[in-house]
Ligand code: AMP
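A single chain, nothing else alongside it, follows as C-alpha cells in the form predicted alone.
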Amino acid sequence: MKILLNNTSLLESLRPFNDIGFVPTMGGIHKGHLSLINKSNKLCKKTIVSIFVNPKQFNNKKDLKSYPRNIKKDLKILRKIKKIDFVYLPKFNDIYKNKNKPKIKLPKKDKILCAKFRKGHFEGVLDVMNRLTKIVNPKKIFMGEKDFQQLYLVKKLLERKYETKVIPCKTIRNKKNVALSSRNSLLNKSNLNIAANIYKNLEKIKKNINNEKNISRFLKSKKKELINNFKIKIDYLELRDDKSLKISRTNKNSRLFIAYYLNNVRLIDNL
C-alpha cells in the first residue's frame, strides 16, 4: 500500500495504469468503506482510496469541527487489506489549486431531500468529486447507496463529463440493521439502539405503504409518530422513485428516504 501525499506523487504513481478503481472517503473507515474497496478489487486492476474531509460540503461549521477524524486509525485498518494499492491523502490546495473552475449549481428540481435542508452541501460534493475525478482519472468510482441522493447526483454529473463509471454499492449495516456511517462514532450504545428501532419502524412503514390510498398523508402521520415515540427531529420522510428521485405513489421501484437527528447527530437512510 503506497501512501500518496500530493498530486505530483499521485500522477507519477498512477501514470502506468489505465484500469483504476477509486473509492473516495472522508475517513472514519468502516466496513462500508471496506466493501467498496473489495468491489473495486474485483472489478479493477488497481485500487486507490482517498481520505479528504472536504470543508466545502459542510453547511454547518459545528458539523465540520465535530466530524470524526483519525488518520492513524484509518491507515491501520487499510493496511490490513491485502489488495489495496494506493491511499491518497491530499491537502486542501491539492484539490482546490485551480480556483477558476466554474461553480456548480443544482437545478431547482434537484433541491429536494438533503439538498433542501443542507444549503450548498451537494454543490460542495459535486465540486470536490469533479476535481478528484480529474486528478485521479479512474475507470470506475465506487460509492455506497446509503447516501442515495449523493450517488444519484455524482453519477449524473461525472458520467456526462468523464469516461468513468460510478458503481453503486449496497448499504452495509450492523447486526441491528443500522446503516454504517462515520458519524456513528459520535453516538453511544443507547443512541444506536434507538437508530435500530427507528429502522424497524421504517421497514413496517415501507411494507404498509401499498395498502394506503394517500401515501403523502400516511407518511406525514408516520413522521409525527416517529418524532413523538423517539423524541427526534426529522428533516424528511419521503417515498421517491429510485431512477428519477421524483415523489412516488407506489412502492415499486421506489425508496423510502429519511433524515433525522439523534443526539444532535444527523443520520440518513433509505430502504
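As the structure is a prediction and not an experimental result, all values here were calculated from the model. Residue numbers here begin at 1 and follow the sequence given.
There is another form of this protein, the form predicted together with the named molecule, and it is not shown here; the text below is about that form.
Quick check on Ile172: any heavy atom within 4.5 Å of the named molecule in the predicted bound form?
Heavy-atom contact with the named molecule at 4.5 Å: present for Ile172.
Is Lys206 close to the named molecule in the predicted bound form, meaning a heavy atom pair under 4.5 Å apart or at it?
No, Lys206 stays farther than 4.5 Å from the named molecule in the predicted bound form.
Just to confirm, Phe218 within 4.5 Å of the named molecule in the predicted bound form by heavy atoms?
Contact with the named molecule, no.
Should Met26 be classed as touching the named molecule in the predicted bound form when contacts are defined as heavy atoms within 4.5 Å?
The answer is yes: Met26 has a heavy atom within 4.5 Å of the named molecule.
Report the residue, out of Leu202, Leu239, Cys44, Leu36, that has at least one non-hydrogen atom within 4.5 angstroms of the named molecule in the predicted bound form.
Partner contact (heavy atom, 4.5 Å) among the options: Leu36.
Let me know the one among Leu113, Leu180, Leu153, Ile135 whose heavy atoms come within 4.5 Å of the named molecule in the predicted bound form, would you?
Exactly one residue meets the criterion: Leu180.
Select, from the options 207-215, 27-35, 239-247, 220-228, the stretch whose residues sit within 4.5 angstroms of the named molecule in the predicted bound form by heavy atom distance.
Checking each option against the 4.5 Å cut-off leaves 27-35.
Residues within stretch 115-154 having a non-hydrogen atom within 4.5 Å of the named molecule in the predicted bound form:
Stretch hits, in order: Phe142, Met143, Gly144, Lys146, Asp147, Gln150.
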